[in-house]
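Okay, so here's just one chain, in C-alpha cells, the form predicted alone.
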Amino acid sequence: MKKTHPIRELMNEEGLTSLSVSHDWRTGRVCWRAGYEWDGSMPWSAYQKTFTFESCLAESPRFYGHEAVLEMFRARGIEPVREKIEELLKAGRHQGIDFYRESSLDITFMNNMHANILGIKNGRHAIRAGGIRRHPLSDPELEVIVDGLNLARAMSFKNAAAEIPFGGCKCTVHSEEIPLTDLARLGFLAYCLDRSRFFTGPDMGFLPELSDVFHDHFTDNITGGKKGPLGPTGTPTAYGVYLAIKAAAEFRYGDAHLRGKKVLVQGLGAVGFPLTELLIKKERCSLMVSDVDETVVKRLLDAFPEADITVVSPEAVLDTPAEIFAPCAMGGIISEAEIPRLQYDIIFGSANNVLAAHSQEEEIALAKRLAARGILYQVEWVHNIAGVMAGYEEYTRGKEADRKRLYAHIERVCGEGVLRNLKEAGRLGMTPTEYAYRKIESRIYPDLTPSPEMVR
C-alpha cells in the first residue's frame, strides 16, 4: 500500500522532532540530518516567555547523521521518497528542506529553502522571505513538498525582482485548520519560523489576523496583519498585477486601456477580489469571474450590481475565450496538455507557479509553447511581487512603513518595469519568461554556468 505521509510516519516512529536535507547545487552533494530536540510536553504557548528558539528543550536530546537517516528510510522501504525529494532539490537548485514535527499536535512545519545569496549579508535576523501556507492533512505529503519547493524557487526570483535583500523560501504547514485562539500550535509555528530565519506573511490556509496574533504573543518575523501599518498584502499585490496587465495590453495592443476587452479573473481571494475592484472602477472591460466559493462571487455581484460581470464555472475556465486571463488561485493549472485549448491573447495574474513545472527550464519550455500559440505570458514572479514589497517595507521600517513610498515602488517595478521587460524580450527575440530568468539568475546563482536550455 502506497504511503501518503511517509515523512510524518518516519518522524513519529523514530521519535524525531527535526529532519533536514541540505543540497549544494554547485557540487550536487546532499546531506540528511535528524534529531530529537524537544519533549512532547512542551508548553508552546509560552514560547518567547520561558524559552526561545535557541533553548535546549529536551531532557535527553538525540541527533543522527547522514548514514543513520538513510538507514531509517531503508528500514521502512521508503527510499523512493528520499530519492524523489533529492531529485526535486537538484532539479530546482534548492538548498534544502527543514522538517519540524510536533506529533502531540499532529502538525508538521516544512521550511523549503531555495536560495540565501541575496540575504546572507543583509545584517538582519531573517535572511530569506516567503509566505506561510497551510495544507490539510488530506493532501498527500509529496504534493505538499512539491508545492513548497516550487513556491520557494519562485520566491528567490520574486525577491530579486522586487529589489529586496532576501533569499527565497516558503513555509508549508501540514495540519488541520488552526484556530487563531490555539496558542499552542501557533506558538510552535512561531518557534519554527524564528528558528528558520525568515520573515513571512499569511498565505492560503491562514488569515491576515495570524500576523496580528504572532505580533501580540510571539514574534515580529511576520507582516501583513490587519493591525499592521500597511494592512494585508493582497491589496498592494492586486495593484501591481493590475499595472502589469495594463503594461501587457499596451505591449500587445498598443493601448493600455482595457475598455472593450474581456478579462477573465480566476479566484476571488485576497488578491483576485481587489483586482476585480480595480478593473471595475478604473476600466470599462467585460469582466468574467470564477471561484469555487459561490459566496465570494455573490459578494462581488452585490457590490457592483451595475457592472458588466459574467460568472464562469470553475470547470470551464480554461475553455472560456477571453482577451486577458488573470489566474489568481492555485498554481500548476497550465501544463503542456492544456496549452492547445487556451483561447487568450494575454495571461497575466497573481497565482504562483501558473505553469505546471518544477524548474526554470521547464517553465521556459512551456512559455515558448504559449508564445507559439500567440499568447503573451510572463512568469508571475516578475509582477505579483507587490506583497513582498509591502512585507519588506513593514519588516524593515515597522510603524514607520509608508504607503506612498510603497506604491511608488510598485508603480516603478510592476508598471514601468514590466513594460521594459516585455519590450526588451521582444527586441532579443525571446519570451518574457526566458528574458526575466536570464536577467535575474546570475544574482541568485553567481557561479552557475548556463545550461543548454538557457542559451539561445
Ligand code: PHE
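Counting begins at 1, following the sequence as shown. Everything numeric in this text was worked out from a predicted model, so none of it was measured.
In what follows, reference is made to the form predicted in complex with the ligand, a form of this protein that is not presented.
Annotated contact segment (heavy atom within 4.5 Å of the ligand in the predicted complex): 152-160, selected among 307-315, 152-160, 76-84, 95-103. Residue contact check for E363: none of its heavy atoms lie within 4.5 Å of the ligand in the predicted complex. Within 4.5 Å of any heavy atom of the ligand in the predicted complex lies no heavy atom of G225. At the 4.5 Å threshold, heavy atoms of V388 reach the ligand in the predicted complex. Of the heavy atoms in G272, none are within 4.5 Å of the ligand in the predicted complex. None of G148, G267, G167, G201 but one reaches within 4.5 angstroms of the ligand in the predicted complex through a heavy atom, and that residue is G201. A heavy atom within 4.5 Å of the ligand in the predicted complex is found for one listed residue only; from N352, T276, T108, S290, this is N352. Residues are counted as partner-facing when one of their heavy atoms sits within 4.5 Å of the ligand in the predicted complex; in 128-157 these are G130, G131, M155, in sequence order.
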